[in-house]
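Next comes just one chain, in structure tokens: the form predicted alone.
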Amino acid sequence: MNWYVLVAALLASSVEFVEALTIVLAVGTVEGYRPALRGTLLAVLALAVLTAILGVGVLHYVPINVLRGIIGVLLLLFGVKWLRKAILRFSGKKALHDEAQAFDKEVGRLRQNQGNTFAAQATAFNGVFLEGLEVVVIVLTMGSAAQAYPSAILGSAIGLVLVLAAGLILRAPLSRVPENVMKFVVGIMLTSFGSFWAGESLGVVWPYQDASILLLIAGYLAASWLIVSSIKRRDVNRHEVA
């Protein structure tokens, strides 16, 4: 069991599942849960087919060293994007993500076309498919590069069960989930994994092998915190001068 991959897949997939759940709940609130569940089921089937095709292609036709290089770059792109947004949010340059607010916005948009069950179903499909696609990419890339598919799949499955259980019990957007913190952590973890595998594919010999990932995580965390502190300090000084 690869615990690094399991934890990273669990956190990353949980964030995506929370956002997909918000869209499905919004559709269910406005148009009822039949179109919401139909759209969700169609999205899950489409993702299953896509995962099977991509999984077979990745495993059988791409050499592991080339694969790690490609995956390293992909995870770096994912991680840097998440990390940039998290830094902006925690430094006050961007509003913190609010799942309840996102739910209200989606409900308002759906009510403008209330009675159109096809549009509602399409909304659920699009939301689940797009958020699920990110989960598929993360599971396939991390599972392939680390040769730890069971760990990646298990982490994602645990995230799905937790989010579904909370959604069924509450039937409300999971606004109390510390999603902003989770996105910060996931951004750091994906960037660290990406750096590790991209470096490995280029011939970098990491001093402590897989344990070097922990050093990369610590380094990116420290750098991110310094950037956040620097931005906040600069804004305070600017206000004092003004």
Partner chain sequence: MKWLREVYDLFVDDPKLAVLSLVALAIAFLIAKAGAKSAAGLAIFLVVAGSLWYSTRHD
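Predicted, not measured: the structure shown is a model, and the values here were computed from it. Residue numbers count along the first chain shown, from 1.
What comes next is about the form predicted in complex with its partner chain, which is not displayed.
Using a 4.5 angstroms threshold between heavy atoms, residue 33 stays clear of its partner chain in the predicted bound form.
Although the partner is absent here, residue 85 lies within 4.5 Å of its partner chain in the predicted bound form, judged by heavy atoms. Interface residue remark: residue 40 is not counted as part of the site for its partner chain in the predicted bound form, having no heavy atom within 4.5 Å. Using a 4.5 angstroms threshold between heavy atoms, residue 104 stays clear of its partner chain in the predicted bound form. Interface residue among 146, 163, 154, 76, judged by heavy atoms within 4.5 Å of its partner chain in the predicted bound form: 76.
Listed residues 96, 122, 170, 133 were compared with its partner chain in the predicted bound form; 133 is the one with a heavy atom within 4.5 Å.
At a distance of at most 4.5 angstroms from its partner chain in the predicted bound form, none of the three residues 45, 52 and 190 contributes a non-hydrogen atom.
Of the residues in 195 to 211, those that come within 4.5 Å of its partner chain in the predicted bound form through at least one heavy atom are, in sequence order, 195, 198, 199, 202, 203, 204, 205, 206.
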